[in-house]
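Single chain ahead, by itself, as structure tokens, in the form predicted on its own.
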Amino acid sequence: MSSISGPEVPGVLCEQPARSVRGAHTEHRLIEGDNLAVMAALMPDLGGTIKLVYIDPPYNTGKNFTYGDKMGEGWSEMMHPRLVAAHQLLREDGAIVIHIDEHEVAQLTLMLDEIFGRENRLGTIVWDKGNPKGDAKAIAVQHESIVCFAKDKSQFHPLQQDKPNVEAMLDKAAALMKTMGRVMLPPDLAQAASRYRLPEFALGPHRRARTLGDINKAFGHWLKTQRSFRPGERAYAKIDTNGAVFQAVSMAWPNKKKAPDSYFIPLKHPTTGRACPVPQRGWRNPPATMDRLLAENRIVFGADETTQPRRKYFLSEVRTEGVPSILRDGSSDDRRLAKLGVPFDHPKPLSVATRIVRWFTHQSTDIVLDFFAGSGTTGHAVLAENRTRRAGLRFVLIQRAEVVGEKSAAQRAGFQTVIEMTHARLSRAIAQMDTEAEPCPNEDRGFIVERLQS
């Protein structure tokens, strides 16, 4: 393993109380200095403690933005020791996540293979920005890559995300179940009455106490109106007597071979007591499992014994799914930063950063490190996650006092260095949060400012 290249005697991190925000009551840190030297200074205290390293380094595009992005052949020489330092700072169950575009994605992946080990690849997320580059002379690239590696893949937590519409479906089912027994119009007639403004005298005779069948019809009507729902979500279209949302799936033997003889024991219909049809190649599960499913009310029978029973799969048990390899987000944070008075070129959207922070952290007190802090999006994302989920995360941001570009919007706005913009964005984002709502108990809305001194 390579060691950190840098000064033989690490610098000293000196707090700057006048620039800190709620410095006496915060664990967030914004550090000014060269990131390699700062990481060396952090090593004694934070080595092996960082859960997520999340960076958006220079892409080596050869262009000038708020900062210069012209490094040429020196790009890999700059990145390599910093990736080594990141590896040393990470916890054994930590991960590094890096934004990059087509210019250096191959070079970056090879370096990470060398430092982290190919076996610790978590994958690459294709961030579809929905807008192909307009100056392309070959294929117009409309995506960036988000390269993800674990320090030790065997110890990293499973990558999961909340399914987008599960909670809305469960809430709707719960609301409908509260109408059980209430005297109402049947769902289809209620919809027609609303659409055609049918008179009350014509509707009165049709009102009746709502049944579970009526509730299921109402739930089905509602699902059809939810245009954004995916087919896999719409499949959970039934509500049982306990108010649980489910879908009914075949219990047939899954391949072309015949199941063992014990897999052909018929199920008896709970009302008629007669045997129900058995799938041609047998049941999917052995008799003990079938008995357990019956006891747990996980088998759906038809009106009589002529219908083949099916298995219930409950929506409440599938609230999460794997993190996909494609992330579609064409949003821009230019307007957000304009409201904050921080005109930074091409910042990564807060909507993308919050998802990365959510996916790759696992528990409260996890530390997120960004040593190319730029406009401070990673810090803002941590603050946002702590606000919405009470996540209890901490950030450490590193940014050197890089001079902003001549005649840039940043210079016109009065900024001289990039870290001034980082500081301004975080301070103003916190102030905005304060005006919208008081902090929750133990919510950290502040940051200490430090500077690396030789």
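From a predicted model like this one, the values you see are computed outputs, not experimental measurements. All residue numbers are counted from 1 along the displayed sequence.
Not pictured, yet referred to below: the form predicted together with a small molecule.
- Among G282, P187, P347, P343, the residue placing a heavy atom within 4.5 Å of the small molecule in the predicted bound form is P347.
- This chain is drawn without the small molecule; in the predicted bound form, the residue among R82, K312, R358, R210 with a heavy atom within 4.5 Å of it is R82.
- The candidate site formed by S20, E27 and I448 is entirely out of contact with the small molecule in the predicted bound form, as no residue has a non-hydrogen atom within 4.5 angstroms of it.
- Contact annotation for F371: at least one heavy atom lies within 4.5 Å of the small molecule in the predicted bound form.
- Though the partner is left out of this view, N35 does reach within 4.5 Å of the small molecule in the predicted bound form, counting heavy atoms only.
- By the criterion of a heavy atom within 4.5 Å, V404 is excluded from the residues contacting the small molecule in the predicted bound form.
- Looking at R394, you'd find every heavy atom of it more than 4.5 angstroms from the small molecule in the predicted bound form.
- Picking from 295-303, 143-151, 171-179, 371-379 the stretch near the small molecule in the predicted bound form, with a 4.5 Å limit on heavy atoms, gives 371-379.
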